[in-house]
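Just one chain is shown here, as structure tokens, and it is the form predicted alone.
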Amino acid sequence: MPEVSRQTAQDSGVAAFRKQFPIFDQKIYLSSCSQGALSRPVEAAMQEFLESWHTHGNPWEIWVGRMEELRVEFARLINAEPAEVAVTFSVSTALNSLASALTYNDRPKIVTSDFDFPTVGHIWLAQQRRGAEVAFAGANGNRLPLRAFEELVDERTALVSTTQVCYKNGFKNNISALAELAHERGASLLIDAYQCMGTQPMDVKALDLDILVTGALKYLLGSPGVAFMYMRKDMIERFQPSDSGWFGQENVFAYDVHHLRYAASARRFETGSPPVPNVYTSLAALRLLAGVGLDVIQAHVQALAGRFIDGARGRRLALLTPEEPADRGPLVMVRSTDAPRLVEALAKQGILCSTRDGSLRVSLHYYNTEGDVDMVLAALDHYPDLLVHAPN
């Protein structure tokens, strides 16, 4: 296809996708790393749940069936088998269930990093009372070099648990290199993909991942209350979580209070009754993304991030995010002298961004356009006192 035709088709696809998100009728939404924008299909899915409740009263067979559809859809998204996927309430819930199944005897060490979302550090630190030894790979400014992990991962390490993309600067870890390092030293690798899942292809087999966690509310464009954990099939039987519940059992509806029989699949990491409304909305969101394709989304988001970085650099704004596409995710961070005030000022102009670590965070998705990028850059020109400028 000629380049002009390809670009026209891509622009048409973005425009059609964008029309499914009513917020763009009035706002420029650049805060997907806090919460994905609400689409009409997701809103319709919530209404479908309400109608099922109205009509049937308590159709748990329908609701549980819908959760299994969600399991299948997420497994397809990451090239996994449905039996390798647990559907949980949050990443915290998934990690706590996993942490409860570790013994911390022969290999007591958990290696995480300075760039991980706080819940990850909190959960592993809470395991210290059970014998865990927690080590943090140290950042070098706004980068997290592989050597920081190389210095810590050893024969006493059970798990390397770290993020794919840092929530506070957009730095992207080299997952393949981390997998090679962990496996070479006899450890497993757990990746938290929350800060990018939905904006790039994810193949857990090709990346040789052991465990992956993520949630629906950000770039997967679903609602809060649903998260996922993938575990490689041959690992599942090793773990017997003490943080359990009836939905983690072999037969959910056996109602056997006297026996604990874990599901043979990753479902053993599930606990209580599923968050049914959020299951409906997340299923609609995943199908919306699948209709576009993560490879198409990645190309679009990378181009937009590159455009924003070029514009910021041209204005001599101090960037925290790497400029190389391979080293960054879908969010770009700009230093600010007063980030909350800057976010508030932009919001008054109908431009919705967020702030982390004292900086402006601009996060991009397939529904964003070059016009969005240009408008936020133009708006920043009005607030030089709220921005940190790089030296000449």
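The first residue of the sequence shown is number 1, and the count goes up from there. Since we're looking at a predicted model, the values are computed, not measured.
A second form of this protein, the form predicted in complex with a small molecule, is not displayed here; the remarks below concern that form.
In plain terms, the part of the chain that comes close to the small molecule in the model of the complex, with a heavy atom within 4.5 Å, is 112 to 120 out of 246 to 254, 198 to 206, 112 to 120, 311 to 319. Screening 167, 74, 149, 124 for any heavy atom within 4.5 Å of the small molecule in the model of the complex leaves a single hit, 167. Between the small molecule and the residues 218, 300, 172, 268, the one pair within 4.5 Å by heavy atoms in the model of the complex involves 218.
Using a 4.5 Å cutoff between non-hydrogen atoms, residue 84 does not count as a contact of the small molecule in the model of the complex.
Contact check for residue 91: a heavy atom falls within 4.5 Å of the small molecule in the model of the complex. The small molecule in the model of the complex comes within 4.5 Å of a heavy atom belonging to residue 163. By the criterion of a heavy atom within 4.5 Å, residue 280 is excluded from the residues contacting the small molecule in the model of the complex.
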